[in-house]
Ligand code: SAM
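Consider the single chain below, provided in structure tokens and representing the form predicted alone.
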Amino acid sequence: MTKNSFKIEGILNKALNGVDLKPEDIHQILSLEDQDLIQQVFETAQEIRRRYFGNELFLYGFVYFSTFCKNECTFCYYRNSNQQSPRYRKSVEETIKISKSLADSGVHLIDLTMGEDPVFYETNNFEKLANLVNDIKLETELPVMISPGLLPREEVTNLIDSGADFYACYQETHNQDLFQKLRLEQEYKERLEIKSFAKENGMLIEDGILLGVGEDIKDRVNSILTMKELGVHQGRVMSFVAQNGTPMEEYPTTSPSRTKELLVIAVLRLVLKDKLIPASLDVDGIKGLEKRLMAGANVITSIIPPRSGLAGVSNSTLDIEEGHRTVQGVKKIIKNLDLEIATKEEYKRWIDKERISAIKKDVKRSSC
């Protein structure tokens, strides 16, 4: 056994025994190039997933109901000034219809996503958004995630009152200097703090990072530990895919090695343990699903029905009209992986467990 193998084995044993990994432990794993050691990391991540979730996976239906955005994020296809990206706003009726079809197909959650649409943000008219969440909860009887950008605090409260379960708001990086290059004229601290506010008021929260946008391994370590400190219920990583019509359309000329993303997925599992780690269909479509699941992910996101007129994020049309990004398409991939799709009741129980845990922590803090 080499010195490096001995170190990695020790780190993985720490994770298996519930010991928190140190920054240098995480850096060591994310720096790996030896395929045998990388496979050991993946197998450890799978074992930790089994301890908390058995062999069950959760599925998210993705409804990108407005692609208009007031922001100029340098990496994003839907930045305000990009003339090449498809623009649409789905009506309330269309959005509900698509959400119901996703619910009928077997997803566990409806992910309602939009850019920071001027119709809402520049008029400060968010009542329609809260009503939409309430309608979809009633029509689908499923939990709802809302991904609307950086909302005012009072609107987060209104969404909680309307029944929203999850608030997703991605930093993309937790290197503040890099953040300012990616999210122009936005405040790092405000975006981070709105998630804490949502969590303190009863919502589950998700944060996420992009790989290949100028960060280094130290930044990735920092992001993973920041998400843990924030107390995310779901931690996401996605590889950057250059988008036409953006300042970063040729940076880099190729997307980062998928092994780097898979290692971050695995480390998120080692660090966050009983939380949700997505395997997104947005980067590589259905062909990239198996590897992400075998790295420790337990949520399949960005399921989009064909002929719905919806776009994705990183690859806006990949595998959608072909019908691969559906529950049936997912089942074809996982049938030989010793994994299965959980029931809707099991997902709701997980959400309830997380909420009860948060309440207990609040009570404990209050009594100290």
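Because the structure is a prediction, the values reported are computed rather than measured. Just count from 1 along the sequence shown to find any residue number.
The discussion below concerns the form predicted together with the named molecule, not included here.
Novice: So which stretch, 123-131, 98-106, 233-241, 218-226, is the one near the named molecule in the model of the complex (non-hydrogen atoms, 4.5 Å)?
Specialist: Careful reading of the contacts points to 233-241.
Novice: Since exactly one of 210, 262, 142, 271 fits, which has a heavy atom within 4.5 Å of the named molecule in the model of the complex?
Specialist: Answer to the contact question: 210.
Novice: To verify the annotation, which of these, 162, 298, 113, 82, has a non-hydrogen atom within 4.5 Å of the named molecule in the model of the complex?
Specialist: Among 162, 298, 113, 82, a heavy atom within 4.5 Å of the named molecule in the model of the complex occurs only for 113.
Novice: Do residue 179 and the named molecule come within 4.5 Å of each other in the model of the complex, heavy atoms counted?
Specialist: Flag for residue 179 set to no.
Novice: According to a 4.5 angstroms non-hydrogen atom cut-off, is residue 183 in contact with the named molecule in the model of the complex?
Specialist: The answer is yes: residue 183 has a heavy atom within 4.5 Å of the named molecule.
Novice: Hey, in the model of the complex, does residue 288 get a heavy atom within 4.5 angstroms of the named molecule?
Specialist: Looking in the model of the complex, residue contacts with the named molecule do not include residue 288, since no heavy atom lies within 4.5 Å.
Novice: Is there a heavy atom of residue 147 lying 4.5 Å or less from a heavy atom of the named molecule in the model of the complex?
Specialist: Yes, residue 147 is a contact residue.
Novice: Counting only heavy atoms, which residues in 292-314 are within 4.5 Å of the named molecule in the model of the complex?
Specialist: 313, 314, in sequence order.
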